[in-house]
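Take a look at this single chain in structure tokens; it is the form predicted alone.
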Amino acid sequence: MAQIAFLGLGTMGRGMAANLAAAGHAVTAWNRTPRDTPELDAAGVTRSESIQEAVSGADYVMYCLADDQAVHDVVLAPGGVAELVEERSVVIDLSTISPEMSAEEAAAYSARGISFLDAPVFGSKGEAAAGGLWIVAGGARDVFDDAKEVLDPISETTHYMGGPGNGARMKLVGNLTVAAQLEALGESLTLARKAGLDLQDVLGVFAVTDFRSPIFDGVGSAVLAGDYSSSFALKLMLKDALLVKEFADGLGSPIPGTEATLATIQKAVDSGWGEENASALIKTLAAEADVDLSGAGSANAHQENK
């Protein structure tokens, strides 16, 4: 079993750290701000007061941080991970960040001869808690293969995407698809409500047709229940969508659909829903159409189909 330093104990990090400990690894965790984590205490995770203490003697240093700035502050700033980690350690960044920031990390670790994987994850609160994330990784193949001992306990599947930075790039490609599905679901449910269709029946069709999606299944039923409790906050989805746009613009790759979705997300955040689930972008579409998507029944029941 490995000695692991896990940095970043947000919604995602807590689930990952607990699952690593449950798999038998010795986990020392650190967070920038004090946080009560009874689930980590119950799992046998040791808490550290500093980065230096956490990474000392670690076989793996793993972290899941909010954004580029957080990675810079924790990793690249003086007294950060890149300076303090031992040369024998393998470093794995599980954050969703820009390829440029990932490249800065890789260069800092390479300068010290330290093995590094950019390995962002797909999934949210439930998958993190259940050890069911989907990981896309970039870096040296042999490092990825050896690191499966710590990637497998937190994931349903792991995918080697090639050299350094390819994990970060794949994460943004995937985030584009996720955002498009949420936008499509919101537009579809809103149109169906305006057209007088029963939304439970609509979701029944979505569940069996050739465009079915786990996102449609899970988010669709939550929308009808009026449940926007956060598994992945809308404000973080806005951050991710902006990263996708920056990435695509830099490559000269057109993303007109994503730009429209970005506008929807921004309106939803501006409406005060940034702390709610990413699916809260759908509330913007429903509001513009003056419909209520919660509850069973058709638009006729609300006299909305005139």
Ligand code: NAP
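Owing to the predicted nature of the structure, the values given are computational and were not obtained by experimental measurement. Numbers follow the displayed sequence, beginning with 1.
The discussion below concerns the form predicted together with the named molecule, not included here.
> Does A137 reach the named molecule in the predicted bound form if we count a contact as any heavy atom within 4.5 Å?
Replying inline: A137: no, not in contact with the named molecule in the predicted bound form.
> So in the predicted bound form, does N166 come within 4.5 Å of the named molecule, heavy atom to heavy atom?
Replying inline: Contact check for N166: no, nothing within 4.5 Å of the named molecule in the predicted bound form.
>> S253 versus the named molecule, in the predicted bound form: is there a non-hydrogen atom within 4.5 Å?
In response: No - in the predicted bound form, heavy atoms of S253 and the named molecule never come within 4.5 Å of each other.
> According to a 4.5 angstroms non-hydrogen atom cut-off, is K245 in contact with the named molecule in the predicted bound form?
Replying inline: Although the named molecule is absent here, K245 would stay clear of it in the predicted bound form, with no heavy atoms inside 4.5 Å.
> Among K194, S221 and L285, does every residue place a heavy atom within 4.5 Å of the named molecule in the predicted bound form?
Replying inline: No: none of K194, S221 and L285 comes within 4.5 Å of the named molecule in the predicted bound form.
>> Which residue, Q181, T158, S124, T190, is the contact with the named molecule in the predicted bound form, using a 4.5 Å heavy atom cutoff?
In response: Residue within 4.5 Å of the partner: S124.
> If you check E149, D217, E100, D73 against the named molecule in the predicted bound form, which one has a heavy atom within 4.5 Å?
Replying inline: The residue in contact is D73.
> Which of these stretches, 198 to 206, 150 to 158, 108 to 116, 90 to 98, has heavy atoms within 4.5 Å of the named molecule in the predicted bound form?
Replying inline: Going by heavy atoms within 4.5 Å, the stretch is 90 to 98.
> Which residues within 1 to 29 place at least one heavy atom within 4.5 Å of the named molecule in the predicted bound form?
Replying inline: Residues within 4.5 Å: G8, L9, G10, T11, M12, G13.
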